[in-house]
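Okay, here we've got a single chain as structure tokens, the form predicted alone, with questions on binding and movement later.
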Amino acid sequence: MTRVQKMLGTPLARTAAVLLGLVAVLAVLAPVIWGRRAETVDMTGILAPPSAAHWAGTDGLGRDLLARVLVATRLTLLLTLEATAIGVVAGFLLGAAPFLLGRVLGRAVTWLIGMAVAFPGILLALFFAVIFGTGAASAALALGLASAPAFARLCQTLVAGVLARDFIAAAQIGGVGRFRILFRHILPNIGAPLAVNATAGAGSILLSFAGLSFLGLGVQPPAYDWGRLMMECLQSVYVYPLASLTPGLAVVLAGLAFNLTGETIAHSLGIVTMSGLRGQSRRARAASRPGSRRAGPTGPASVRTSGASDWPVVPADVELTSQDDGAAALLSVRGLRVTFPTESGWVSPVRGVSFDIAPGEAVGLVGESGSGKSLTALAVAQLIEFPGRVAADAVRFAGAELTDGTSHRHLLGTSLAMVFQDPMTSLNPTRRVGAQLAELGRAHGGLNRRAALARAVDRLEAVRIPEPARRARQYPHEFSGGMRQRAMIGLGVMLNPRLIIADEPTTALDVTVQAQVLDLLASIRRRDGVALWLISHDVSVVAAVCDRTLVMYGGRIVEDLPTARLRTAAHPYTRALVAAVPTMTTDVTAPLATIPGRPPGPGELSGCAFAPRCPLADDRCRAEEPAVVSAGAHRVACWHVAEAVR
């Protein structure tokens, strides 16, 4: 069954389609067929009753009333569409204001929209009509602005939903400007529901326009629409009621045609119209908070145990020394903190994280879900938005301080790239894959359209996508999961970055494709000398690619060690993670190793975060949080380092 057949699957839908089609046909043909008849004055037939010559009678100048109603369809429809377009455009810009203007001005616009929505639309229309004066153009502008708050509230919800998608974050990390994101990434994804709601809203606007013309604030003589005809026929309503009922019936039928068409299309597509939006207002306000997206879970977590690797055992040195200053690092992070507000106060899912990544180095970040890994990466990439707060002693990348809010913009998409964990949501479903890669070339590389597309094809070939020229013209849904992830990596290396942040790049892939993606990342690193920061909850994935491993728990880096020494880790949590991964020598008759309990939430931290699950924990661990110190090649936060490595 086609989409059109699905839309017309009910008698009500077919009736609405017939009515709307009839209105459209009359708007085009009525002035041509009945235009002369509608303007012919007959002083001998003033206010004549219905007859074979005049089916609906005549008006005060003897003109055929039915012909005038039919001819008025064009002007009524044009003014309705004009007012609807004004309302949709103004509503879209107001609804996108929180994204375009930032937190302070965006919230002010949101408050104004909330206040305007509280007023009935017709009162706002009358208010604007008094300001703009009488006339068709003034009435269209008044009704458009009066309908804008309802469309703005709808657009706020739609825009917030799209902003939560990873392809928006991918565009931001690529350094794409906000206006370009709005019109190239957001608008195509909300176009369908916005158009459906505009169709349904046009019915209400048509009724309101007729009301303004009836009151003398709309269309002025000699022009006429249905509302103007009702006002002109009012003088004879007691003598000849049909004179007023004919244009009134046209208003009702056309309004129903728009409303029913919009509702039936929305129902078939599963789209919520403005009439059904009010019940979702609470969820919409929650979704419209930019900081609420990608915050990640904070509840119980599990350890992924897929894959198997055997790592060399190297004795650990437990001599305590001080931490280096990271002067030669490509990325140097010191004291990174991320906080979010809750009903009980501010919580910190990321607490004082410090680490370095050298040029060309591959560093893994592992830990259970909810440990703060993705938040750390998003904070470094400056993707944490209100109400989240990011603070740090220093976050330096390629000599630039990223936390000052200005110098990092030229680095995004050029020197710093990010690959997100869900490639289906990381690619814009409404745009071709090649065009999405080419966008970076045009935004940062100074390439024209042809050169940018050629570069995109070259990058798709570099990440081993077969037939790259043909694939560049396809949409994301035409790619397999592994190909989408390769395309995301191709997006990351579009402009030869110095650091790739790969956030769970193999989570949604099967083992075979996972190995291919990891091999691709490793080959790109060797070929281009790119530094790699690989985030995963799978220790075996990190062990296969990375030189050094950071272990995160409870929002902190609890151990930093060479990957080759994972088997002799100093922290009990790291050792538990390694033990939970089966190897070729694991006893298949014995139960798999697990970590008892669950990770703590951000508001449940006291002393050492791992103490409730640690077999070595004592009263000091439960009361006092250990500092991060160096133990030879390790950096570790534990009161029992010597006992752990025995």
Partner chain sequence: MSELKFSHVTVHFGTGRRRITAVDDVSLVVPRGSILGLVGESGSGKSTLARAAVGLAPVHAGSITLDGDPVPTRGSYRPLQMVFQDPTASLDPRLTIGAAIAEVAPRGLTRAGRAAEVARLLELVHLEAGQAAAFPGQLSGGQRQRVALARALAGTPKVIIADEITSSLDVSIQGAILNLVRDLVAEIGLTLLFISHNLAVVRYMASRVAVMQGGHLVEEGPTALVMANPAHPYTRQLLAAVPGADKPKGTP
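What you are looking at is a predicted structure, and each value in this text was computed from that prediction instead of being measured. Residue numbers count along the first chain shown, from 1.
Not on display, but discussed next: the form predicted together with its partner chain.
Not displayed here, its partner chain is kept clear of residue 432 by more than 4.5 Å at the level of heavy atoms in the predicted bound form.
In the predicted bound form, its partner chain stays beyond 4.5 Å of every heavy atom belonging to residue 30.
Proximity of residue 207 to its partner chain in the predicted bound form: non-hydrogen atoms within 4.5 Å are absent; the residue sits far from the partner. When contacts are judged by a 4.5 Å heavy atom cut-off, residue 167 counts as touching its partner chain in the predicted bound form. Only one segment in the set 30-38, 45-53, 61-69, 577-585 has any non-hydrogen atom within 4.5 angstroms of its partner chain in the predicted bound form, and it is 577-585. Note on the partner interface in the predicted bound form: the residue among 470, 337, 567, 334 having a heavy atom within 4.5 angstroms of its partner chain is 567.
Residue 176 is the only one of 176, 145, 266, 75 with a heavy atom lying within 4.5 Å of its partner chain in the predicted bound form. Taking its partner chain as positioned in the predicted bound form, the residues of 511-538 that bring a heavy atom within 4.5 Å of it are, in sequence order, 511, 512, 514, 515, 537, 538.
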